[in-house]
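There is one chain below, alone, in structure tokens, taken in the form predicted alone.
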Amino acid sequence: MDLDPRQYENLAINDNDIHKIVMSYLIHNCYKESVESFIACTGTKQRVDYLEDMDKRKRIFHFALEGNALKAIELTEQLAQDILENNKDLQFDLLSLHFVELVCSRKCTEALEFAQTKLSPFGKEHKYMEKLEDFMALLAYKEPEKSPMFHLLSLEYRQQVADSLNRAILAHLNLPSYTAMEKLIQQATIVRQCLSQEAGKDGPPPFSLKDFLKS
């Protein structure tokens, strides 16, 4: 069931809670200058080392986003030792990014050698086989960006890997992997969907977060 929007105005929200939600988002996404400005304006307290960790995470994130996976791996191991050894999925994704960059640079021989030494060991586990086959198939195309696996070359794919790496580092540093804002949106969405389902066919239309944000 939908609440009357006018009732929202009667809900009291503590300013400190709002500050924590905003700060969580800024720190998660490494917006250092915005964080410093926000702290100056609100007096919000943070860990002493959060700025140093943020600078390192930001560099790692951008290297992964740019496809410079080897540099991202190097810096990650300096900041969070053994994190990739304990997260094989993430390790595979980062090594795959480097393979893709070699393919895009038309360094096919180097890409094949890299795959044989760094990626082929993952083939021993069934869950990596399909993705490994997709990556290797890129070598068969003169223009891999026009192949059926073109999405593996996309910015969206690099963004996905960079986000996963950032979350893993945050967890290693004992920081939340997801922002407070993301958690609130996830919880609100689930609750509204459950309420819509309970109301049945006579109730309001299924909840849409996109439509709600426009209201």
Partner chain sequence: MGGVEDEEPALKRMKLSSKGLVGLSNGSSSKESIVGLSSDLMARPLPSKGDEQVVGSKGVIKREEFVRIIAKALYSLGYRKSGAHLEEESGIPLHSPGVNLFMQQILDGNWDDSVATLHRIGLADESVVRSASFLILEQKFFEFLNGEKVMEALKTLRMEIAPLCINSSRIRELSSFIVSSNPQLDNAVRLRSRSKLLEELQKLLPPTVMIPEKRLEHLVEQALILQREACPFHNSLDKEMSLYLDHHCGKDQIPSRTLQILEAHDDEVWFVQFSHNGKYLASASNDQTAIIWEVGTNGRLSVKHRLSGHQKPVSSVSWSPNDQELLTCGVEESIRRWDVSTGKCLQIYEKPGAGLVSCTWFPCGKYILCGLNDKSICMWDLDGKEVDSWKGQKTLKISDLEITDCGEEILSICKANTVMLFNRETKDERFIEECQTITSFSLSKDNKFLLVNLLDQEIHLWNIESNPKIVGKYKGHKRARFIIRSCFGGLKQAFIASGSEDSQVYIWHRSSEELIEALPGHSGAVNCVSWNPANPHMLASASDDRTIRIWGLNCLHKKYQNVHSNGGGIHYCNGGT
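Numbering follows the first chain given and starts at 1. The structure presented is a predicted model; accordingly, all values stated were derived computationally and were not measured.
The discussion below concerns the form predicted together with the partner chain, not included here.
J.: Using a 4.5 Å cut on heavy atoms, which of Glu74, Asp134, Glu145, Asp89 is close to the partner chain in the predicted bound form?
T.: For this set of options, the contacting one is Asp134.
J.: At 4.5 Å by heavy atoms, is each residue in Ile27, Cys30 and Val35 next to the partner chain in the predicted bound form?
T.: No, none of Ile27, Cys30 and Val35 comes within 4.5 Å of the partner chain in the predicted bound form.
J.: In the predicted bound form, is there a heavy atom of the partner chain that lies within 4.5 Å of any heavy atom of Glu130, even though the partner is absent here?
T.: Judged by the heavy-atom cut-off of 4.5 Å, Glu130 is in contact with the partner chain in the predicted bound form.
J.: Is Cys104 close to the partner chain in the predicted bound form, meaning a heavy atom pair under 4.5 Å apart or at it?
T.: No - in the predicted bound form, heavy atoms of Cys104 and the partner chain never come within 4.5 Å of each other.
J.: Indicate whether the partner chain has at least one heavy atom within 4.5 Å of a heavy atom of Ile83 in the predicted bound form.
T.: Ile83: no contact with the partner chain in the predicted bound form.
J.: Heavy atom to heavy atom, is Gln78 within 4.5 Å of the partner chain in the predicted bound form?
T.: Judged by the heavy-atom cut-off of 4.5 Å, Gln78 is well away from the partner chain in the predicted bound form.
J.: Let me know which residues along 90 to 124 have a heavy atom within 4.5 Å of the partner chain in the predicted bound form, or say none if there are none.
T.: The stretch touches the partner through Cys108, Thr109, Leu112, Ala115, Gln116, Ser120.
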